[in-house]
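In the block that follows, a single chain appears as structure tokens, in the form predicted alone.
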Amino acid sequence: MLTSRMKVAIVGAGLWGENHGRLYQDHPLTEVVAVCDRDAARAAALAGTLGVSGVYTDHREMLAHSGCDVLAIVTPDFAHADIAIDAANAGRSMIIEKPLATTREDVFRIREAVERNGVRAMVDLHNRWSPAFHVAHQSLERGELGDLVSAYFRLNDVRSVATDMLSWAARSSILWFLGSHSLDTLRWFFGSEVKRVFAVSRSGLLRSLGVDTVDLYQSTLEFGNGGIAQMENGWITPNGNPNVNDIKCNLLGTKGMIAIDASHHTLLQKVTDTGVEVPDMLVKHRIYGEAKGFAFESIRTFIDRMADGRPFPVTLEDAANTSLSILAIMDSAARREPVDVDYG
């Protein structure tokens, strides 16, 4: 049980690092003591915004000298592993932005370091906190749909995410950026691991715009319990889409079905002479100056479970198996043939 405020250090001073920082400053159980980023000016700017003096460009130096209890790893996805392993070796528990890691070797390196050092780690796969998806999961738990037979999950982004928002999109994939949320949610719904995948991909549009990454993936997933899902992930949706995400999900069980459209809502639409806007009131926003929305609730849950010692809703095995399944999807798309997921 926590007896004093946890001292949190943040690695990664981008937009989502700032969101982490503001939430830790708002939470009564935490305080930010340091910010680290390879860009010293960006680290200093976020530290100034949060009112903290600890500014670092080397996470190892921060682990050694900041006095932090917990690390928030909010770097680009391909940069998680060494930071997480160093944190574990330094005896620090951590929250890692999704995905856990982007290579098979790094997945197992992180798991080994966390387990060997007896620290705690949660990956921020926050779609489990989305109200619509959580209600659907509760319905499945109560048996209202019977046995889940099939699912369709579409989670796409507008193209500006790859061309403008993420300077590192060419070093990542839409499967890491959004597919990790999709796949973790489907694993959660089916209560089973992905056994086999068959995927195809399409490239060209983003490369023509100067971003060398795959445009979209279409993946068929076979689960160990017999369920089948179709998963679509792309980041070439037109920028004029009312929401940055295009997200839809259908679940079919032996007794019923559920349809979810979380792309936008009709609760509030703002219309002017220049167009229509659907403001975000679900994912992340602020009410009376406090961070609200399901993408923040996952981080709050990490803090709360660190404080009370109860298990994280998303386990390290959940995050590891999600990454390993995505690697199988990439392999299948490259080979144009079915691939069994290797969890060993």
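Residue numbers run from 1 along the displayed sequence. Computed from a predicted structure; not experimentally measured.
Not on display, but discussed next: the form predicted in complex with a small molecule.
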The small molecule in the model of the complex: contacting segment from 184-192, 109-117, 71-79, 130-138, heavy atom within 4.5 Å: 71-79
Verify the contact flag for Glu97: yes if a non-hydrogen atom of it lies within 4.5 Å of a non-hydrogen atom of the small molecule in the model of the complex, no if not. yes
Against the small molecule in the model of the complex, would Arg38 count as a contact residue? Criterion: heavy atoms within 4.5 Å. yes
Check Arg42 for me: does it contact the small molecule in the model of the complex (non-hydrogen atoms, 4.5 angstroms)? yes
With the partner left out of view, is Arg159 within 4.5 angstroms of the small molecule in the model of the complex by any non-hydrogen atom? no
Find the only residue in Ile174, Cys249, Ala121, Ile83 having a heavy atom within 4.5 Å of the small molecule in the model of the complex. Ile83
Looking at Arg92, His126, His264, Arg154 here, can you tell me which has any non-hydrogen atom within 4.5 angstroms of the small molecule in the model of the complex? His126
